[in-house]
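This document opens with one chain alone, in structure tokens, the form predicted alone.
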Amino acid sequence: MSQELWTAVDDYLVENLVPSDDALDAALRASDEAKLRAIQVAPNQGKLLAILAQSIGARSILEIGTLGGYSTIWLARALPPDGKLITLEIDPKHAAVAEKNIAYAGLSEVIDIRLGRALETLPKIAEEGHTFDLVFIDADKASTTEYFQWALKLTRPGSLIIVDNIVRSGAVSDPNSTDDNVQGIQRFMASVKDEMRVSITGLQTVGSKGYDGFVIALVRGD
């Protein structure tokens, strides 16, 4: 098995199941032209996020890590007409690219980009009284544990919390890893393995984005 094959299969799935879309394609081009790292979700992964949001009838979504706004657009399109999405981004350049991409997609009234460190922005969001039906965490891995704890505070029973990039090309299972990103995910895993407020699992994925995976947690009501 190889990266070439994984990418070919992803391309096949996208060609058959995820039709080309002008706004999303433009967002990818704009991110590439701005030289943002190509670490956004793949098109089929973006559609999965949208399907998950629609499956629970999400009306409010929180995204931690905007980048160029590609996943943001996927998630926002899954909302009903009165839905709202707040996305957090630390890098002004990323936020500027995302703002233009979101405007081109016609979603400026739906999406609220908050610029700054997420761990400083999240308390303010809590003070504003927001509750979210879905939280997508795709930001710096060292702070994943803290992001997840904030997600628990900002959700309700029946909400979904999704954490991306948790496999790290398999390195997450290496207890001797010295990589800060891997250690951040390992710390997160240790913190949630006995977390009784959620029903949680993790999955490995291969595809155009390489070998990785995600965690999905359902906030419990009991």
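We number the residues from 1 along the sequence you see. Quick caveat, the model's predicted, so the values are computed rather than measured.
What comes next is about the form predicted in complex with ligand SAH, which does not appear here.
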May I ask you to choose, among V167, V192, V41, L160, the residue with a heavy atom within 4.5 Å of ligand SAH in the predicted bound form? V41
Position in contact with ligand SAH when the complex is considered in the predicted bound form, options I113, L79, A118, V97, heavy atoms within 4.5 Å: A118
Site test, S71, L88 and A139 vs ligand SAH in the predicted bound form, non-hydrogen atom cutoff 4.5 Å: yes
Within 4.5 Å of ligand SAH in the predicted bound form by heavy atoms, the stretch out of 149-157, 62-70, 170-178, 193-201 is 62-70
